[in-house]
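We begin with a single chain expressed as structure tokens, specifically the form predicted alone.
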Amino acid sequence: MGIKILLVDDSAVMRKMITRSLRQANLDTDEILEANNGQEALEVLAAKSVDIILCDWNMPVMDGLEFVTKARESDTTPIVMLTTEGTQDKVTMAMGAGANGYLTKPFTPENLEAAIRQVLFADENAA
């Protein structure tokens, strides 16, 4: 059984690049769902369950930080921020809002795989 991923980014080109990286990574992906912004992502989460969410920060309608905050009101799905916003303040804000991981763009398929594995399999790694 593969990993179901929700990819949240307003750039269709970036979503394609991330999807390509996911396919190149050594991950068993089952399904990759997409949303253009945080509001769409909340609608997807209301209809489907996923194993992990990969979310950009800068998006129209509802940005990544607001999405993380809203998602945490009713959902515990792991969230990894994938963004160009790499300052320590931004990382601290995202993690404080409830993100489980943070990866700065640009990244390699190996970096992406490591971030996902760290978040999804943290309990197994700690044992």
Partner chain sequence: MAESKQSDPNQFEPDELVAFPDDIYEDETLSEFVTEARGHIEDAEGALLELENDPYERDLIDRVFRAFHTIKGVAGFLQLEDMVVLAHSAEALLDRFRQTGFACGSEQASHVLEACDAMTSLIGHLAGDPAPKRKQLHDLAARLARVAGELTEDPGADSSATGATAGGAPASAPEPEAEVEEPAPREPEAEAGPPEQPESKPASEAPPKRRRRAKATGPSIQVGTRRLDRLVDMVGELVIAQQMVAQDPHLAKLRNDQFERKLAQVSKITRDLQESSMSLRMVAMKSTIQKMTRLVRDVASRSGKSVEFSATGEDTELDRNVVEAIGDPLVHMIRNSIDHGIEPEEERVRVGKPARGRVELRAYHRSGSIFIEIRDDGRGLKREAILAKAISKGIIPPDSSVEEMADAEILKLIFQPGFSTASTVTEISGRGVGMDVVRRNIEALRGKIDIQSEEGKGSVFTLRLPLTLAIIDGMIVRIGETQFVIPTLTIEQTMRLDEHKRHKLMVEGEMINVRGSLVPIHRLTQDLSVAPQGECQDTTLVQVEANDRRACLAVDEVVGQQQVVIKSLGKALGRTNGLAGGAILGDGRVAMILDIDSLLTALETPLATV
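Keep in mind that what you see is a predicted model, and the values were worked out from it rather than measured. Numbering follows the first chain given and starts at 1.
There is also a form predicted together with its partner chain; it is not shown, and the following applies to it.
Contact check for Glu34: every heavy atom lies farther than 4.5 Å from its partner chain in the predicted complex. With a 4.5 Å cutoff on heavy atoms, Glu113 does not count as touching its partner chain in the predicted complex; it lies far away.
Its partner chain in the predicted complex is not approached by Gln118, whose heavy atoms all lie more than 4.5 angstroms from it. At a distance threshold of 4.5 angstroms between non-hydrogen atoms, Asn100 is out of contact with its partner chain in the predicted complex. For the options Val44, Leu27, Val80, Met93, the residue carrying a heavy atom within 4.5 angstroms of its partner chain in the predicted complex is Met93. Looking at its partner chain in the predicted complex, residues Ile5, Lys48 and Asp75 place no heavy atom within 4.5 Å of it. Although its partner chain is not shown here, in the predicted complex the stretch 41-62 places heavy atoms of Asn58, Met59, Pro60 within 4.5 Å of it, in sequence order.
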